[in-house]
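Next up is one chain by itself, shown in structure tokens, the form predicted alone.
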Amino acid sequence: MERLLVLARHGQSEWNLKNLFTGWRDPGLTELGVAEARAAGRRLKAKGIRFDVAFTSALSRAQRTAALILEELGQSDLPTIADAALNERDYGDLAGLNKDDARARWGKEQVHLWRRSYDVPPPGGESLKDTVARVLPYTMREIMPRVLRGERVLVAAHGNSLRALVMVLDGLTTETIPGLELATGVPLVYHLNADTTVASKDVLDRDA
């Protein structure tokens, strides 16, 4: 039985380009972001990968990324489930601020702590630990059972919500996960064993 789970961070957003904290705000994709999502779809197509269902967040940049990937695969009519449980980490009071301006206001070390620590949230926002606590129960309840019964699943979401999944799949610790960066528009292809451990992982970081 094939147990396929593909994770894809959305393509570059308008606020990624402007170096702004985004979180739950909802900017669209840039032209580059659209190209990255389409390239992800072409890479998956070149590997012969097709899906039975897709999951995405409640935010438009992830939803459009999923749609563009599926368009490249000729699967635009695929059932796609959107849920806020897969949203990006909520950056609270930092949302909408330029990262350099935030460093000038609060100090480089404080902003680095908010961005890269596991369990220190920014004011009014979520830590990575909080994001993990939101993403994992939804994944175990809604996504993983489908994978384990042989459905081929795409999850198009965000850097931090996907890091929560990669942390578990790759067996990363609370000390090592803050250093992990997921590139925009690069699919991570997992084949799982029956006990949800990883049988194989492929990073599709070259265009087809």
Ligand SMILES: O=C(O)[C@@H](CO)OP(=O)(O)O
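Numbering starts at 1 and follows the sequence shown. The model shown is predicted, which means the values in this text are computed figures rather than measured ones.
The same protein has a further form, the form predicted in complex with the ligand, not shown here; the description that follows concerns it.
**Student:** Where the ligand sits in the model of the complex, superposed onto the shown form by the site's C-alphas, are 3 or more of its atoms within 2.4 Å of backbone or C-beta (blocked), or none (open)?
**Tutor:** After superposition, the ligand sits free of the main chain and C-betas, so open.
**Student:** Give a yes or no on whether every one of 60, 64 and 154 sits within 4.5 angstroms of the ligand in the model of the complex by heavy atom.
**Tutor:** Heavy-atom distance to the ligand in the model of the complex: none of the three under 4.5 Å.
**Student:** Does the 4.5 Å heavy atom contact test between residue 22 and the ligand in the model of the complex come out positive?
**Tutor:** Residue 22 belongs to the contact set for the ligand.
**Student:** Does residue 105 reach the ligand in the model of the complex, with heavy atoms at most 4.5 Å apart?
**Tutor:** Residue 105: no, not in contact with the ligand in the model of the complex.
**Student:** Given that the partner is absent here, does residue 16 sit within 4.5 Å of the ligand in the model of the complex, heavy atoms only?
**Tutor:** Looking in the model of the complex, residue contacts with the ligand include residue 16, since a heavy atom lies within 4.5 Å.
**Student:** My question is simply whether residue 139 lines the interface with the ligand in the model of the complex - judged by any non-hydrogen atom within 4.5 Å.
**Tutor:** No, no contact at 4.5 Å.
**Student:** Scan 169 to 204 and write down, in order along the chain, each residue with a heavy atom lying within 4.5 Å of the ligand in the model of the complex.
**Tutor:** Contacting residues: none.
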